[in-house]
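Here are two versions of the same chain, shown separately as structure tokens and labelled structure 1 and structure 2.
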Structure 1
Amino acid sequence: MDFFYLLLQLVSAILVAPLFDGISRKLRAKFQSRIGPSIFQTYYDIYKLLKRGRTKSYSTSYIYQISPYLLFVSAAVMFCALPITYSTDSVALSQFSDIFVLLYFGALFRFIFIVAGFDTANPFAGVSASREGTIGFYTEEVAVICLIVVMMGTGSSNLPFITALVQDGDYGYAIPSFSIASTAFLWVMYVETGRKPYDLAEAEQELQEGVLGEFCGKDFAIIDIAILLKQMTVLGFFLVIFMPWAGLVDNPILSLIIFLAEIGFLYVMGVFIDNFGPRFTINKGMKRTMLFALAISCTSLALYIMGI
């Protein structure tokens, strides 16, 4: 039965993620005084792409052909590692749900994305792949420091165990190092969704989506689904550690509904930051904003070492 709920968890995310993306696009358009597309436009786009065949350049190798599927599998494994419909009572699944599983598959997702970009031999795809690597260079150390604080504070890297401690009040916001780490971790997870405009507006398409521009048809649809699933995973990664309120109910389906509602709320909050926050160039913006997050994460680590 646990595996049935796990499959339900994954399928629900795949079905709901395009709706959240459509709502975000609609809200962003409203803030800019535009009508904007329908909230179901992402569904229409994916359905249209899935009906089309594959096209590839002669300069690409097998890496280009398998990368859409590897990206989707990596994102799916990451989302399944989130303890939403299961807890420590499920021995098999709780052992699989670990912080290191999410970190390793997150790194694999980024590696595949970068390699696929270079494999196309397109200069724009190479720039986009380099941009993805730069973002990872600045964000991963902040996330790891925050997670080190949590793992040392709880004595475990097992997500269901950490979630249970926070839900029971044995570990949580009464501890300053945990509270401060949550701030930096939320910012990093937001950046990992790829929504923060770190590039010049007039060059956004080529810089941010150069890799995606090399794919079309079914391959593009699979990558689109994988990216939407990754966005939900990184936001869920924050929720299961720092706000695991969805697990307070015993019913797995109700927990999943609450979790999806929380993800939807974070999507809407992200739209506010997208529209009212400043834009940064990739070389200056990342240093300014992520060094601030790095300082916060180091502060939380220092507080933990001091026993606060």
Structure 2
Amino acid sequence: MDFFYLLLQLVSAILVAPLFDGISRKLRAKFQSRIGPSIFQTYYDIYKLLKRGRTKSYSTSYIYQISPYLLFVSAAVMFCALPITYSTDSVALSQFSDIFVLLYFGALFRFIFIVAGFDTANPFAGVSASREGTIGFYTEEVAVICLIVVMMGTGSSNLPFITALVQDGDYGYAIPSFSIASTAFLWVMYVETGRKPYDLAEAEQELQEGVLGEFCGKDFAIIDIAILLKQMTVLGFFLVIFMPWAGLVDNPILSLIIFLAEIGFLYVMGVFIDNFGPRFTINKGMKRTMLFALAISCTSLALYIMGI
């Protein structure tokens, strides 16, 4: 039964993710005084991609063939690791849902992304592969510093356990280090969604999506879904730790709906940063903005160490 709900959690996320993307695209267009595409445009895009034929560069090997599926699997496992439809009661799944499982599947995603970039021998793919690794280097430590505060505060890296503690109010915003960590963590998770000012998915080829330049047809559709799913996951990661109120509802399906709505809200709200934020080159942008997030997270860690 747990696995059935898990599958439901995953499938419903896949089904609604393009909608959120569509809404945010529409909203962005409105800000820029354009009419913009329909909110269902992302569905149409994916459907159209599925029907297209494929090309590949002569340099590619097996990595090119399996990477869309590997990317999908790692993003999907990351999403499954969020305890939405299950909790500590589920013996099997609480042995799986763990902060480090989530983080390292994220790392697997990155690894495949980089290797796929090398495989196509495309210059832009290579640059964007390098970018992807560099962003990982910048964001990982800020995210982990925030998570240290939470893990040491609750004494576990088990996600359902942490969620349950925060839900019951045994651990939470009454503790200063936790509330400060939440700010920095939300920031980093926004960076991880790969949007401006850190990345711009549909802009120049050398930016993050350059790796995708060589993919087409159904492969591209699968990767597209995987990326959408990863964006949902990182926002969900923030929610299950810092705002797990959706889990207070007993009915798993109902809490899933509330949870997805919350993610959607955060996702669409990202447009406000996305649309009004400036654009930097990677090193400048990262240094200028991530240092601040790093300072916040270090403050919260310092508070924890001092025992406040």
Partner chain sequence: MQTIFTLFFLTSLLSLLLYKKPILAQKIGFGLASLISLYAAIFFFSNLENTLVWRLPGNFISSPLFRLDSLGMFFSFLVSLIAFAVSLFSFDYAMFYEKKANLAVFASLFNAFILSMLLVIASDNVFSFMLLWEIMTLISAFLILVNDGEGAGRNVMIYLGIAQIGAFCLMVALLIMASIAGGFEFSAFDELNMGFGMSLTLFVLLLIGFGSKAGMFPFHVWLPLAYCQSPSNASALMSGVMIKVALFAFIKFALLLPQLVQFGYILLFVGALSCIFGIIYSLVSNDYKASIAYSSCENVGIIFLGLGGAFYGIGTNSPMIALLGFIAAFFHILNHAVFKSLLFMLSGNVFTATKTRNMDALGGLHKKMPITSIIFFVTALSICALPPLNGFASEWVIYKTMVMGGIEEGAASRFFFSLAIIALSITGAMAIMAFSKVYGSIFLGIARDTKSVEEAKEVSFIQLLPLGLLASLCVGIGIFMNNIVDMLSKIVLTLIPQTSVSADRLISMPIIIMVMFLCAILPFVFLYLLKANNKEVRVTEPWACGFLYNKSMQIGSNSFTGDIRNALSFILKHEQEIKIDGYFSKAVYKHKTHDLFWDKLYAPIIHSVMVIADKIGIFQNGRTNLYAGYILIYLCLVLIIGYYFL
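Superpose the two forms; the largest set of C-alphas matching within 1.5 Å is the rigid core. Structure 1 provides the reference sequence; residues are numbered from 1 along it. On a predicted model such as this, the values are computed, not experimentally measured, just so you know.
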{"item": "Label of the structure corresponding to the form predicted on its own", "value": "1"}
{"item": "C-alpha of residue 34 off by 2 Å or more between the two structures on rigid core", "value": "no"}
{"item": "Shift in Å of the residue 53 Cα between the two structures [rigid core superposition]", "value": "3.5"}
